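Consider the single chain below, provided in structure tokens and representing the form predicted alone.
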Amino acid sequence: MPKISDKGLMMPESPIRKLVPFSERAKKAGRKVYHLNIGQPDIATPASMIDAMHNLDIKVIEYSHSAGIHSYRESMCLYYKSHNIDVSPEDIIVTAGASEAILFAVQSCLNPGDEIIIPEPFYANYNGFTISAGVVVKPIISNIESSFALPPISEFEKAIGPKTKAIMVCNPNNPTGYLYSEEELEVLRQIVIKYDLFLFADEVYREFCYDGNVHHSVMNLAGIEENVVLFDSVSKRYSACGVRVGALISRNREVMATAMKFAQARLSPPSLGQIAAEAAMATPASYFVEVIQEYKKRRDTVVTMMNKIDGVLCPNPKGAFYVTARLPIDDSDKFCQWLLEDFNYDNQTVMLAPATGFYSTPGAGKNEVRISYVLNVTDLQNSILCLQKALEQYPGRIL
């Protein structure tokens, strides 16, 4: 029998989705499952996007340009201008979600065996993207006591070697909700200049900042314009995960020309998704005001309730809609599976994402979970109460 590839064997399971079979069995058994495991917002998608789908008047759904529909890229430039980011349509390649943008960038900028430094915990699929390209992740651990702040410059320099080619950050961060400050981005700028590295930045949660905090883009870091590659997506911004439309953005012409070869190889990004995404550009500012207010209520609900549970440490995130919390448990993978297989409170249970999958360092995150506060406040209250009861019963609880 033919053997599976080494890459296939190395490819990690998604910590977000690998427990789905257990969730499905719990539901079949009649239990209500609160999904705090996945960043699927329940916020309504803007009406402009839905209307664009309903009002389509086309006879053929054609390929778009490999870089994406030009009018959509023009409208994106106006959007970025409103966020003090100046780019042209030629600086943008539309992709099938931010995931494809990251794959294009990694394959365009790094060779197999090259290394990329990523502060961890980080978005779990970065592990998969780098394995696909044969690239080695050099993780630098941030810690929960500092709310997962950027590690000091000395930690980056310890990790930099002859094969180091890039640094990657997610800002605001998934899975921690940490929002990098201007001072922290300046640290990254200095490292990138000193060692002539690429700086990859995943900024898909740009809009979601709380308590008066402001997002600062790496696109505005002076002196590294040729080093920066930005990833973006409409999925979370407009609560439109299923349209699968993202973007790779860079002012580096060589990077863009190389990424275009990968874009041409996959022909084009989703045409229908781009039509919906372009329509989303008409979304009024009031939409985001209301959405951010709602997420702040949800965040406050989760953080307040979690920190009242004995043995739990839950930082107060400044952005995105995730928090990584430390629980008094022996093993987050076992605990998250136990929640679905063996536990219920009033015929309810909770689905969480074990934090082990958001680290590259073996053994890290064993007592941490990621919580996505994408449910309404009542459901969040019920789910955290459920979690509290679970921690009281869990056989692997650490006293």
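Residue indices: 1-based, along the sequence shown. Values in this document were obtained by computation on a predicted structure and should not be read as measured data.
One more form of this protein, predicted in complex with another copy of the chain, exists but is not displayed; see below.
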| message | Even though the partner isn't displayed, in the predicted complex is Thr356 close enough to another copy of the chain, meaning a heavy atom within 4.5 Å? | response | no
| field | Contact test in the predicted complex: Pro41 vs another copy of the chain, heavy atoms, 4.5 Å | value | yes
| said: Does any part of Tyr178 reach within 4.5 Å of another copy of the chain in the predicted complex? Heavy atoms only, please. | reply: no
| another copy of the chain contact in the predicted complex: Ser142, any heavy atom under 4.5 Å | no
| message | Please determine whether each residue of Lys27, His83 and Ile160 possesses a non-hydrogen atom within 4.5 angstroms of another copy of the chain in the predicted complex. | response | no
| query | With another copy of the chain left out of view, which of Val136, Ile292, Met305, Leu272 would have a heavy atom within 4.5 Å of it in the predicted complex? | reply | Leu272
| field | Contact residue in the predicted complex, from Ser132, Gln190, Asn316, Ser71 (heavy atom within 4.5 Å of another copy of the chain) | value | Ser132
| remark: Within 4.5 Å of another copy of the chain in the predicted complex by heavy atoms, the stretch out of 28-36, 359-367, 328-336, 60-68 is 60-68
| Which residues in 93-112 have a heavy atom within 4.5 Å of another copy of the chain in the predicted complex? | Ser99, Leu103, Gln107, Ser108, Cys109, Leu110, Asn111, Pro112
